[in-house]
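We begin with a single chain expressed as structure tokens, specifically the form predicted on its own.
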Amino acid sequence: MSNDMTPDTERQRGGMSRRGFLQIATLAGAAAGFTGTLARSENEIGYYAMDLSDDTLRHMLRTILRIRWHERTMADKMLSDPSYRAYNHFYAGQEAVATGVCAALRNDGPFDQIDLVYSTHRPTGHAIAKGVDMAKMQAEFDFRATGLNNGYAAEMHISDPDVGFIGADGMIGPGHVIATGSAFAFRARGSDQVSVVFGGDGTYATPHFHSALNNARLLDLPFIYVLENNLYHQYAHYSHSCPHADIADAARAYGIPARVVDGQDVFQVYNAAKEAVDRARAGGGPSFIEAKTYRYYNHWGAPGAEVGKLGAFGYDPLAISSFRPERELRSWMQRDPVDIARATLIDWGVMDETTADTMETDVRAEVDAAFAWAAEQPLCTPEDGLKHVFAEGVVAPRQMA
């Protein structure tokens, strides 16, 4: 299928049009509750993904695959490689959210023109989708002096302003308020840039959540809040801290347009993000997107996982007991973001099975090369911790009595 094929010519080839495919998928999601195998979504969102070029659609699948195999490789390293030093919160299962949102953003160009993203303590998917160099990021995770931030950030504080990835956030919530500050700066200088913050379901119970939404609405800022509702904050179901089945209802209370989407489907996420970005650029103010999704590993690390297998099903000592039903995890994995994106593009004629297989093979080789490069980089030294304490000079090393 060529990039200039119209919906009419798509129908003439005998296949389902992109619009028809998306409409059926969205209506199916709207008919099911989010506790089942489908995440509830809304059916009035525009079908913008049907207008994307084939190259862009393939790039979206490749991004999902890059995130997935980066996560799986990290998990296997933690389980099998004693020399691996990284401290990781895995994003596997949520790849479609970061990919769909960032595909709607301006990611290339001067810093005063690109859109900005603020992340969470689970930043890898957001970073890769925004364009952060995977090898340098992995070197940073492993405390290498030549890493993305010279070994000072590790996982929860990585940052790459060159691509508009302002940073991860080890605390739950403050990034939301800072992101509204960026949005205010955009409006103050007349820029059409957009500020996006990702947050988990646990952020609802923080003051930053409400402060950010309140100020964004009062000032009509070009601000988009993407809430990744993976049902659990650490080891507690979100219903223990939030009275809403849809946290989007909290945003609506502030008068902010809010959408609930199936976070397993990158095209539904993209459609909602495109609508929100267009609104923000046009001066229409903030938006809120709640993506119903699920993380395949536990809150931190790889307890309960096995080398070479996706997901964590066993005992997690940090949770004291198994905190979520195994069949719940398996149910969500039946609607895997990788499978959905791949099947959709094959159905649309954007690629065939062989091309999809080749893409995944290439991605796995790229990920392996990134980890190999990172492992060869020099580690930080204790003296490095004395640098950058002051604006100029270094702290003199001394032995404390």
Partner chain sequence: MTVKTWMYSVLEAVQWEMRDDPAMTWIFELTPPVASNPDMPVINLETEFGKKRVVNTGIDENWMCSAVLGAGLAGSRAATYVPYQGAGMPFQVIQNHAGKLRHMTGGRASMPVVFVIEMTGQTPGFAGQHSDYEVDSAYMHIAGVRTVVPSTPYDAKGLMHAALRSPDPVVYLYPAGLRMLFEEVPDEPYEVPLDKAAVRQEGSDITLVGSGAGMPDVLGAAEILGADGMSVEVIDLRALKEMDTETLVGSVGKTGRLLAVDQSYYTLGPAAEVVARCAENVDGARFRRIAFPDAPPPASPEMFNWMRPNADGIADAARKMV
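Keep in mind that this is a model prediction, so the values were computed, not measured. Positions refer to the first chain, counted from 1.
What follows is about the form predicted in complex with its partner chain, which we do not show.
The candidate stretches are 304 to 312, 80 to 88, 274 to 282, 290 to 298, and the one lying within 4.5 Å of its partner chain in the model of the complex by heavy atoms is 80 to 88.
For the options H208, R259, R72, R324, the residue carrying a heavy atom within 4.5 angstroms of its partner chain in the model of the complex is H208. Think of it this way: in the model of the complex, its partner chain has a heavy atom of just one of S331, N107, T146, S241 within 4.5 Å, and the residue is S241. Not displayed here, its partner chain is kept clear of F267 by more than 4.5 Å at the level of heavy atoms in the model of the complex. Its partner chain is not drawn, but in the model of the complex it has no heavy atom within 4.5 Å of A245. Contact check for D162: a non-hydrogen atom falls within 4.5 Å of its partner chain in the model of the complex. Taking the partner from the other structure, its partner chain in the model of the complex has a heavy atom within 4.5 Å of a heavy atom of T180. Although its partner chain is not shown here, in the model of the complex the stretch 117 to 154 places heavy atoms of Y118, F143, L148, N149, N150, G151, Y152, A153, A154 within 4.5 Å of it, in sequence order.
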